[in-house]
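The chain below stands alone and is given as structure tokens, in the form predicted alone.
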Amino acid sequence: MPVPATDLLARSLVLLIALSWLAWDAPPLKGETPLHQRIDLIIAEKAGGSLAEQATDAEFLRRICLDFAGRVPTSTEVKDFLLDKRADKRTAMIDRLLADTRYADRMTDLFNIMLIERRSKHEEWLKFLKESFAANKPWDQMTREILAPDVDNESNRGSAMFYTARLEHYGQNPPDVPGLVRDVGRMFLGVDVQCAQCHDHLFVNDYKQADYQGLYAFVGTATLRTDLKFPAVSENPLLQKIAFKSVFASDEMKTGPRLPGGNEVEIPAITKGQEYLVPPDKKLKTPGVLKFSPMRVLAETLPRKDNPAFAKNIVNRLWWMMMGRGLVDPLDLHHSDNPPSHPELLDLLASEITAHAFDIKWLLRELALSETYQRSTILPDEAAARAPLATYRAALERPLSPTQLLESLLRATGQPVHDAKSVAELRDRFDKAFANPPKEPEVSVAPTVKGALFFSNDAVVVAWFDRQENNTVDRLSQLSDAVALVDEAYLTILSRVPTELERTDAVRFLKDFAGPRERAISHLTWAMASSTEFFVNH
């Protein structure tokens, strides 16, 4: 018997209402779950035990200020944050710091050290980095500008320093072209093919001699331009494939430009003498414009969305920046015998940054919002203390970089530095005392006797702990109450309130000190600033 049309309409309405309620109650689709929550799920699933509790507000504030602003918070910032009762105050602080101009300064320092490894501090290069991060330029665009620098584009011509820092002559040594080849692979693909220059890598099965030679074909013809006052490179023509032999075999092999594990780029047939769209001008000393530019092809083919190695390399480095250890460790040894600690997480981060147009700031925000980032460094139990670092069951302590240490020390001592020349001179002093030597990766900062002696004896640094107008020692000296003085000292230098035991000991020290009160305050603040607690990002 047919159902009346009115009944069909009523049943359809009921069905639609029921389906809408089901959809409302259903959990969000995986793709709709915020990335930071998916990160935490993966970490928790593989933790293999209990996880550390959430970091205190003071610990979180110090950590996020160091990571996004490159310095510790002021005592006022700490007080305000501790008194803030909003449930979303951590998110608000993350967003505030990412919008601050000091974010670009912090990222400039980080990527300058990462990409140049202290070979140079050229102002054009630093300008390129700072303006790129201030504009939140996508990483694939930055990479293209680095790999194929445009000498006519004043806003990003400093990007050529990646090449020129490696092509400069040091004494009688020739330009470090093998180092350039190696660093293109390391910095942008997470692949170190240095030991595959003369034969297949002896210890990494994935790295073949053809991988090194393929990268060499892209950048091996790069030359340093000396006719300009800013960093600039040109190229000699590449008309045929690169011929090479293994030291262990006699057979000659050839390759054109090729990314490790990728397809070879065809070199177009160009008659010798017809290599240039615009020929070189010997009178003006201009190098001309090639018809086929391997560097330009490299910039077009390496930072592509369909190149997973490019995406995995940058997210692994950003994870290291925030968490203290890469999912792949070391950062430049991605290969099948050195798998990531969390393969599914590395894949997820790579796919997400690709989907978000290589937006570094977006990814850093998601990492900062995660419980993984916001955990305490205090391990939950004895079993966790024996767990591998790569479980991320607790936050990992990280030594401050020389620049972070300098900026934090200036803030903690209340020492004003107004002119750029003074800042540059101070950075040089701290780099000499605390930085790794040039050309060495700086993924960790180890304590040294040189650093300890510098902090104890450098006349400039020691003077910051003497009483000077409006500095920290001067401000503390004006507090008559010893308890209030100690509390303010801890907030200013260590970004937290002291424990009862710390407060009692410090008050006793001030009371029993045999000398002027301001000298006791000077000793107290110096001891706090020279502690391990101040030197690490915890």
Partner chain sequence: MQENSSLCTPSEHRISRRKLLGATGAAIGAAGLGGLVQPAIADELTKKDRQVLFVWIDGGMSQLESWDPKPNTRFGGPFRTIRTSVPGIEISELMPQSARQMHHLAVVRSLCTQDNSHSAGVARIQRGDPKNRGVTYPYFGSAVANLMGPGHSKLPAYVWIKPGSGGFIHEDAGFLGPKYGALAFGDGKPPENLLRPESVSAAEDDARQELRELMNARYAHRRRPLVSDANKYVFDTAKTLMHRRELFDESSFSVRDRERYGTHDFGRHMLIGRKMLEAGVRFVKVNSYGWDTHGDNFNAHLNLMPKFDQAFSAIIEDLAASGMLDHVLVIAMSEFGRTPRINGHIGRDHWPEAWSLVMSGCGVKRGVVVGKTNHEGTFVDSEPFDIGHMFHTWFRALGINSGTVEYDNNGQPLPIAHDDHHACDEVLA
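Positions refer to the first chain, counted from 1. Bear in mind that the values here come from a model prediction, so they are computed numbers and not experimental data.
Form predicted together with the partner chain: not shown, discussed below.
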In the model of the complex, the one of 261, 441, 339, 288 near the partner chain [non-hydrogen atom within 4.5 angstroms] = 441
Which of 351, 74, 194, 153 has a heavy atom within 4.5 Å of the partner chain in the model of the complex?
-> 194
Please state whether every one of the three residues 378, 519 and 528 places a non-hydrogen atom within 4.5 angstroms of the partner chain in the model of the complex.
-> yes
Could you tell me which stretch in 303 to 311, 135 to 143, 447 to 455, 361 to 369 has residues with non-hydrogen atoms within 4.5 Å of the partner chain in the model of the complex?
-> 447 to 455
Can any non-hydrogen atom of residue 95 be found within 4.5 angstroms of the partner chain in the model of the complex?
-> no
Flag residue 397 as yes or no: does it have a non-hydrogen atom within 4.5 angstroms of any non-hydrogen atom of the partner chain in the model of the complex?
-> yes
Check whether residue 166 has any heavy atom within 4.5 Å of a heavy atom of the partner chain in the model of the complex, and answer yes or no.
-> no
Spell out, yes or no, whether the shortest heavy atom distance between residue 505 and the partner chain in the model of the complex is within 4.5 Å.
-> yes
Taking the partner chain in the model of the complex, which residues along 194 to 211 bring a heavy atom to within 4.5 Å of it?
-> 194, 195, 197, 198, 201, 203, 204
